[in-house]
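Listed next as structure tokens is one chain, alone, in the form predicted alone.
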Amino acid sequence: MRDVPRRRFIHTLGLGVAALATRSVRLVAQAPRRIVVVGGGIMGASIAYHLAKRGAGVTLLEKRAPGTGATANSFAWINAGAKRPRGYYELNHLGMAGWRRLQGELGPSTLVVQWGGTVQWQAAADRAEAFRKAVASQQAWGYGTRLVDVPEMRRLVPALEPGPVAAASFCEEEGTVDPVGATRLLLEAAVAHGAVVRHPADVTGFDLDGTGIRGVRVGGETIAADAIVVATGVEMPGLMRPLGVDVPMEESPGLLAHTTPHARLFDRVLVAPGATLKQLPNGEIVTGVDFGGSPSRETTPAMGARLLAGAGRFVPKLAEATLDRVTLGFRVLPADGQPVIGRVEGRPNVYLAAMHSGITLAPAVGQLAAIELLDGVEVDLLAPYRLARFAKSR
């Protein structure tokens, strides 16, 4: 990255604002103006929106339809408290603030984010102390979480029957969003700023100019580009391999059961022992087991019934809900669990964006990626997430 001037960015989490402290006054001769974004999930949509808002000529290419990959199958919990190390926590916290910023830009009645907070608890007595210490460590970083007792849990969620509770918390900062709806809104806003969104548009190759890319091939057509952003999730390794770029990814499947719209039961994210639950504004209830890889890939009605039964231990009225579908998604999980963000060494006009916390991080990464691409700088907050770290570790 020697050809990229470096400037330090100091971020203020409460405002979500980056303040520039100059370390180099050398300017880039010309910022890329024609940028092709490959991938129409929440991350590609956010980057396209932030680039177009700043005047770049953006073309977004999506293989199928926007928001139909990992985005559609995400639980979409907006949170930061348990993220480690500290820099990753701060990036996620900035992402949370970014969702509030986007609501201000797009309109809170247009972009609906459910800021109901999260009720979380642990049933096992031998894990209670670790749970309480985790809450204390989050509070030490200024995170808006606190310990609660069972009566307060029931006050926060009247429909809740938590069962045995060894320790519990409530984080008022957290929320959730409809990931597909948010993706579509971001793309509509990008188009309003001049972006072009094309789907289905399957990228079949690249036109190279030395180490750089000067065009993206879609069928028999070549779309000229000064820079490309690749935000294709789990398909990124295959797309990058012909360019000699290795993106190590782990496979992490996840199952979710979705109900048909149901009368309102709760307005908060629930993270229970062995189950996660939320209810969308339209009444749909979404539940899964946890946020690790699922041991099953079965999307049958029987599996959906098991997932609903597991969640129904904590919200008994779920027994009245009707299963609509079971979805299987594959989380975008780089091999070390941390994001991959930034330019590729040896391919200076190729920019990658892949991460497991894509929903939380999308607003912040979209804004910071636009800064890196259009201003020719490196944002210090993103320094730990360059792809080159894998080559160095090997």
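Numbering starts at 1 and follows the sequence shown. In this text the structure is predicted, and so the values were computed from the model without any measurement.
There is also a form predicted in complex with a small molecule; it is not shown, and the following applies to it.
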{"property": "42, 65 and 357 all contacting the small molecule in the predicted complex, non-hydrogen atom within 4.5 Å", "result": "yes"}
{"property": "Contact residue in the predicted complex, chosen from 52, 35, 364, 332 - any heavy atom within 4.5 Å of the small molecule", "result": "332"}
{"property": "One residue of 202, 129, 105, 251 in contact with the small molecule, assessed in the predicted complex (non-hydrogen atom, 4.5 angstroms)", "result": "202"}
{"property": "Per-stretch contact check against the small molecule in the predicted complex, the hit in 163-171, 113-121, 303-311, 73-81 (non-hydrogen atom, 4.5 angstroms)", "result": "73-81"}
{"property": "Contact label in the predicted complex: residue 232 to the small molecule, heavy atom within 4.5 Å", "result": "yes"}
{"property": "In the predicted complex, residue 342 touching the small molecule (heavy atom, 4.5 Å)", "result": "no"}
{"property": "Residue 350 within 4.5 Å of the small molecule in the predicted complex, heavy atoms", "result": "no"}
{"property": "Non-hydrogen atom contact residue 369 with the small molecule in the predicted complex at 4.5 angstroms", "result": "no"}
